[in-house]
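Just the one chain here, the form predicted alone, laid out as structure tokens.
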């Protein structure tokens, strides 16, 4: 049985609450956004807030395409709720909190009934009170900070592994590989610090290895020589970078230029071929904690072919999770027999064994995956391949 979860947004982010209140004055909050009558026969709107601009835009494109592929397949099969079509509405968050809030408000005003977005945790967190106030269920396919679930909001569901689960995978690989001295570096974002905090806690508790450095950098800079000096002077046998690939690529390149010969591992925010475009040959051999990408998934060949035929491009990280987020939303709406937020949430809580790329779905009481599914990838020839399934 599910434990009781709070139903009000308690994040205390002033800008988000102010904007949510503004939306409320327009009469859009507090229940099913669709009025009776003609709208009940029209398309069912699914919202998605992702990075369309900024350094993480390549990942946003993968996510939008994955979600749209699922929408197309469901509509081609006749839709849901006796033939209603799905319509995907996409808005930009550029990994920026304020833009994320504005985009969430725009989607609420457009009467979306489910949100399937969420990449940068720092931009996703302030969206919680917006969608929560409008009673819109959120199925988050990529963002994975523990902060997303700490508020215990009824409407929030994560179908990506959490920061804690990713940290457990990092510890497994560190101990399995025999590293004894580890450096942790984050970018001061909720997503990144969540992973380093959990990883240090687990390494300390395990006792097999030692964290010889835990430090942060500011995102958006181009010179990371200070942290490179700290790492090379720490004696670390492996560095675990938990930020995004833009800064990660620069740090990897500058570490190798400085003569660092230890191993480097990155978290899922950097597990993209773009890391190699930035770091060049220095990225070869870099490890990553990541949920399986399309080209490392066994049996995904037909899905990849369908994606490439639809978008004339190869799928990338989080395209499969976004595809599954739309399918899960459709399943919940169909099970609920309604677009009412409360009924969709109840349906999501009751779903068990729904087949996703990450395996049969089982939610914990926190609305996170019971199994995060993280594996270890390794950069070879400019792309990440499966190194260790950790099974």
Partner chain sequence: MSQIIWDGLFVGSFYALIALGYSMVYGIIKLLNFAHGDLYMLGAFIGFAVLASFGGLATSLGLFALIIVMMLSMVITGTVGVVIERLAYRPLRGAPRLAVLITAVGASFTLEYGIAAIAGPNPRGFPIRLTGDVFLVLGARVTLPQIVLMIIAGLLMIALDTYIRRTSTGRAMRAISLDMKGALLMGVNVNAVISRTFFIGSALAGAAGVMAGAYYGKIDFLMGFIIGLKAFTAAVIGGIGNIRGAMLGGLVLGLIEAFGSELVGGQWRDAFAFAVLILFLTLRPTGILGERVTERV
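Residue numbers count along the first chain shown, from 1. Just so it is clear, the model here is predicted, and its values are computed rather than measured.
We do not show the form predicted in complex with its partner chain, though everything after this point is about it.
Student: Can you pick the stretch from 224-232, 79-87, 162-170, 265-273 whose heavy atoms fall within 4.5 Å of its partner chain in the predicted bound form?
Tutor: Stretch 224-232 is the one.
Student: Would its partner chain be touched by all three of 154, 361 and 389 in the predicted bound form, meaning a heavy atom each within 4.5 Å?
Tutor: Negative, none of the three is within 4.5 Å.
Student: Of 113, 217, 211, 102, which one comes within 4.5 Å of its partner chain in the predicted bound form, counting heavy atoms only?
Tutor: By the 4.5 Å criterion, the partner-contacting residue is 217.
Student: Given that its partner chain is left out here, which of 279, 128, 142, 134 has a heavy atom within 4.5 Å of it in the predicted bound form?
Tutor: The residue from 279, 128, 142, 134 that makes the contact is 279.
Student: State yes or no: in the predicted bound form, is some non-hydrogen atom of residue 351 no more than 4.5 angstroms from a non-hydrogen atom of its partner chain?
Tutor: No - in the predicted bound form, heavy atoms of residue 351 and its partner chain never come within 4.5 Å of each other.
Student: Does residue 53 make contact with its partner chain in the predicted bound form, using a 4.5 Å heavy atom cut-off?
Tutor: So residue 53 counts as contacting its partner chain.
Student: Although the partner isn't part of this model, could you tell me whether residue 57 comes within 4.5 Å of its partner chain in the predicted bound form, counting any heavy atom of the residue?
Tutor: Yes, residue 57 lies within 4.5 Å of its partner chain in the predicted bound form.
Student: Residue-level question: is residue 254 within 4.5 Å of its partner chain in the predicted bound form, judged on heavy atoms?
Tutor: Taking the distances in the predicted bound form, the answer for residue 254 is yes, it comes within 4.5 Å of its partner chain.
Student: Does any residue in 100-115 get within 4.5 Å of its partner chain in the predicted bound form, counting heavy atoms only, and if so which ones?
Tutor: Not one residue comes within 4.5 Å of the partner.
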